[in-house]
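This document opens with one chain alone, in structure tokens, the form predicted alone.
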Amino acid sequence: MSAARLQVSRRQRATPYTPRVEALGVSGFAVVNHTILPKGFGRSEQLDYLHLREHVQLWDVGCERQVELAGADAARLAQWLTPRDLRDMQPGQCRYAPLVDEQGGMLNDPVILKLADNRFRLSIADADIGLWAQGLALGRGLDVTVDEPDVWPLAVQGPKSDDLAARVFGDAVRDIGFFRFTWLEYAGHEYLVARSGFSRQGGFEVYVEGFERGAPLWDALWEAGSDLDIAPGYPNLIERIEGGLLSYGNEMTRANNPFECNLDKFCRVDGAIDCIGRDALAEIARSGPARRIRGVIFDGEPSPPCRHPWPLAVAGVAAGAITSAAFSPRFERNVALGMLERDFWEPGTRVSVDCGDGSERRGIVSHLPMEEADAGL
């Protein structure tokens, strides 16, 4: 039986890099922000993980759609969207920020880029935040334009990222600070290059303006990495879990608040800023969250895909649920992220995991990011 294929139309957009990843043997796609995201290249998640930790990968992350706020009230709208204090943010900075509704429920967790005092971009996770921002701007009568620009992010990730990027953009790329960006020239065009990305292995995201410029830049980076063991890649599940990187729609939804997601430090709730959900978040901060995301390391054969939350228990008492899981070659055990109830979230707590395959696995609550020592807690 042939494998089912995703039918791509204008409702599930391809990216400038889609022909390149197809030529490299992409084996699967997901849909994020109505745009396809490569999810495999015929090798195991474990091999992809080991390669990412040692070499360099080129990722098609065109699905990271951009919501641009421009105009006299752009900063006001950006601040209204998030409880993270943006008042001291400078052009050239990136900031990870939770977006919440009036009850404090998570709507998204974008990286916000400040291009100028009156111009911001939100590099969003999987949700129609552009419609939310535009509705808020219209309802409040703000002098701001909300748009989705013709921008297609491309990620360079892995410990050899600086060497690869410098071959294309010059050594100035090495001076970009973490969560900072600058404009660098290649082939007569300027590219916004940020030291960021959805891994903890280091690297850059290049915000390519203009669909037609995407494939030539991919080719230049690919050719420049021929002696660096470059490979096509995608956000690796094992590396993401070990690093404690949360995925909107998996670890968190609108039913969760930032405190449950360990985003306390990104929430200013003392009344100093005007943001949606401020009062609700202040009340949660006073009482404390009832649950939190934690790491879990558990025994047994490689777990099946976690398509639905897996129940966690402590001595037969419901303790929470696993949200993402994978087998780690570094730990030689299964690693997971889970939402745990307050009485059970301390690292070192012994838990049992029901993977939905008829087995019960023994596990332990870990810190995030995970380190080898966590397996022996």
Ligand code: THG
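Because the structure is a prediction, the values reported are computed rather than measured. Note that residue numbering begins at 1 and tracks the sequence as displayed.
We do not show the form predicted in complex with the named molecule, though everything after this point is about it.
With the partner removed from view, which of 272-280, 194-202, 165-173, 290-298 is the stretch that lies within 4.5 Å of the named molecule in the model of the complex, judged by heavy atom distances? Heavy atoms within 4.5 Å of the named molecule in the model of the complex occur in 194-202.
Could you tell me which one of 134, 123, 303, 256 places a heavy atom within 4.5 Å of the named molecule in the model of the complex? Contact with the named molecule in the model of the complex is made by 123 alone.
Answer with one of 222, 183, 179, 186: the residue that has a non-hydrogen atom within 4.5 Å of the named molecule in the model of the complex. Exactly one listed residue reaches within 4.5 Å, namely 179.
If we define contact as a non-hydrogen atom of the residue within 4.5 angstroms of the partner, is residue 109 a contact of the named molecule in the model of the complex? Within the cut-off, so yes.
State yes or no: in the model of the complex, is some non-hydrogen atom of residue 64 no more than 4.5 angstroms from a non-hydrogen atom of the named molecule? Heavy-atom contact with the named molecule at 4.5 Å: present for residue 64.
Please check if residue 266 has a heavy atom lying within 4.5 Å of any heavy atom of the named molecule in the model of the complex. Yes, residue 266 is a contact residue.
Spell out, yes or no, whether the shortest heavy atom distance between residue 96 and the named molecule in the model of the complex is within 4.5 Å. Although the named molecule is absent here, residue 96 would touch it in the model of the complex, with heavy atoms inside 4.5 Å.
Interface residues of 225-253 toward the named molecule, as seen in the model of the complex [heavy atoms, 4.5 Å]: 245, 246, in sequence order.
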